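Just the one chain here, laid out as structure tokens, in the form predicted alone.
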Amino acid sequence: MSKWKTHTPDGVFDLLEKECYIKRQVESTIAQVFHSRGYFEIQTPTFEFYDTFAHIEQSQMIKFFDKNGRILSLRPDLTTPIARIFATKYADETLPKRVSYIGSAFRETDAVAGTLQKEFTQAGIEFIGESCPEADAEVIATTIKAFLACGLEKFQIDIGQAEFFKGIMEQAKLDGEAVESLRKLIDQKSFAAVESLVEGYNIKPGIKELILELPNFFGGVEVIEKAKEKPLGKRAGAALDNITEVYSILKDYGFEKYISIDLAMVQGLNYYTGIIVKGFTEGVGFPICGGGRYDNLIGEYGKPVPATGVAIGIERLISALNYNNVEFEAPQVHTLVYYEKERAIAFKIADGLRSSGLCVEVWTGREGAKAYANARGIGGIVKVVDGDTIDIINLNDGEITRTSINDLLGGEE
């Protein structure tokens, strides 16, 4: 067993100082966007009872037992615990309510693009208590704002509608097993298999043609008008009206250039009840965000409340930012304070410089300060000569400037 003590399990990774610093910058930027729009952060446990996640595929959960033999699970997402909170601790809360979160989720997954990732970070928002296009549009617009604030400029938000597919299946009069098989094939883009499956059922020609054309209902807002020309029932027609209204609101935000329509978006139909969202960008072959309307989830925990939300994959977003050459502030120590005898003075100088926004280390050795500073890329050394005097050593050009502590700190000595 000892051979594993220096390794990490499959699907989890160490983040060294530079990567961690960048990750925190991205998270902080996103959190500020969320907070500025009234989405205040809440935190949920890293693990909960398995029953909390009953609607999620069991094979995707990382499970273990407590001392009483009860099954626990690391949270596979963060929306589900928030739904539990709203049905319990927020049961009497004035609605609507906006909340945000940033935290790790854990899933047993297959490798994506050659990378196996069982732990990942999500930053998301939930708009709870309103079932209206304005709420759906707001969470999408807030996600777009977060991407822009992070420096991502080229991306696309695909919008679908769960009720559109459900309505067509209702018209086709297919049983549940056939609907699920068809949904999986469409989601996998297995169009030949879709045609083969459809041909095996007695479906009206117009509806059969509509099902076969579903993958083509992708693109700009004109896709909606194209779909309206088909023999749609009331349920599917209402779904198109809904997505039209959401698009109209996003246009008022000025975000229409980021929006595409995808009426063949059929994943998670047992979970989503309306608008479905996926975000894509260059250099990342999988969604950088996802979400939608889930009006039934909170009710599973005791109190029916409509809700909508979007989650951003932090690691995927950072990959996209790196691909697009977005520059990040790097972690940097600006100054090294060095002393031989005047330790208390050195501490005071370091704190004075830190109060000005600088990152300052105090050298704890007796020799090698300059070599250490050069190795770490620190630009300068402040050497305490005595109780009143310091030397400022510029390591870029070697220049040494002698001055007083009072002058350095601007009279704060």
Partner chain sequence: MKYLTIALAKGRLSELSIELFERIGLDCSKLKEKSRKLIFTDDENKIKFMLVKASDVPTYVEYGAADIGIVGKDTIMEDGRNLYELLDLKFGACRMCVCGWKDSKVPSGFIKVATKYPNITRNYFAQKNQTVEIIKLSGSVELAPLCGLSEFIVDIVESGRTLKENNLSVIEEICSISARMVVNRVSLKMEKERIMDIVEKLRQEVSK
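Numbering follows the first chain given and starts at 1. This one's a predicted model, so the numbers in the text were calculated from it and none came from an experiment.
The same protein also exists as the form predicted together with the partner chain; that form is not shown, yet it is the one meant from here on.
**Student:** Lys234: heavy atom within 4.5 Å of the partner chain in the predicted complex?
**Tutor:** Close contact is absent here: in the predicted complex, Lys234 is far from the partner chain, nothing within 4.5 Å, heavy atoms only.
**Student:** Is there a heavy atom of Asp262 no more than 4.5 Å from a heavy atom of the partner chain in the predicted complex?
**Tutor:** Asp262: yes, in contact with the partner chain in the predicted complex.
**Student:** Mark Asp158 yes when one of its heavy atoms lies within 4.5 Å of a heavy atom of the partner chain in the predicted complex, and no otherwise.
**Tutor:** It does: once the partner chain is placed as it appears in the predicted complex, Asp158 has a heavy atom within 4.5 Å of it.
**Student:** Quick one: does Asn296 come within 4.5 Å of the partner chain in the predicted complex, counting heavy atoms only?
**Tutor:** No, Asn296 stays farther than 4.5 Å from the partner chain in the predicted complex.
**Student:** Does the partner chain, in the predicted complex, lie within 4.5 angstroms of each residue among Asp187, Thr281 and Val284, using heavy atoms as the measure?
**Tutor:** Judged in the predicted complex, Asp187, Thr281 and Val284 all sit within 4.5 Å of the partner chain.
**Student:** Among Ala91, Leu116, Ala330, Leu95, which has any heavy atom within 4.5 Å of the partner chain in the predicted complex?
**Tutor:** Only one listed residue qualifies here, and that residue is Leu116.
**Student:** Which one, Thr244, Ser181, Gln267, Asn324, lies within 4.5 Å of the partner chain in the predicted complex by heavy atoms?
**Tutor:** Comparing distances to the partner chain in the predicted complex, the residue within 4.5 Å is Gln267.
**Student:** If contact means a heavy atom within 4.5 Å, which one of 247-255, 141-149, 188-196, 70-78 is the stretch that engages the partner chain in the predicted complex?
**Tutor:** In short, 188-196.
**Student:** Listed by sequence position, which residues of 215-230 have a non-hydrogen atom within 4.5 angstroms of the partner chain in the predicted complex?
**Tutor:** Sequence-ordered list: Asn216, Phe218, Gly219.
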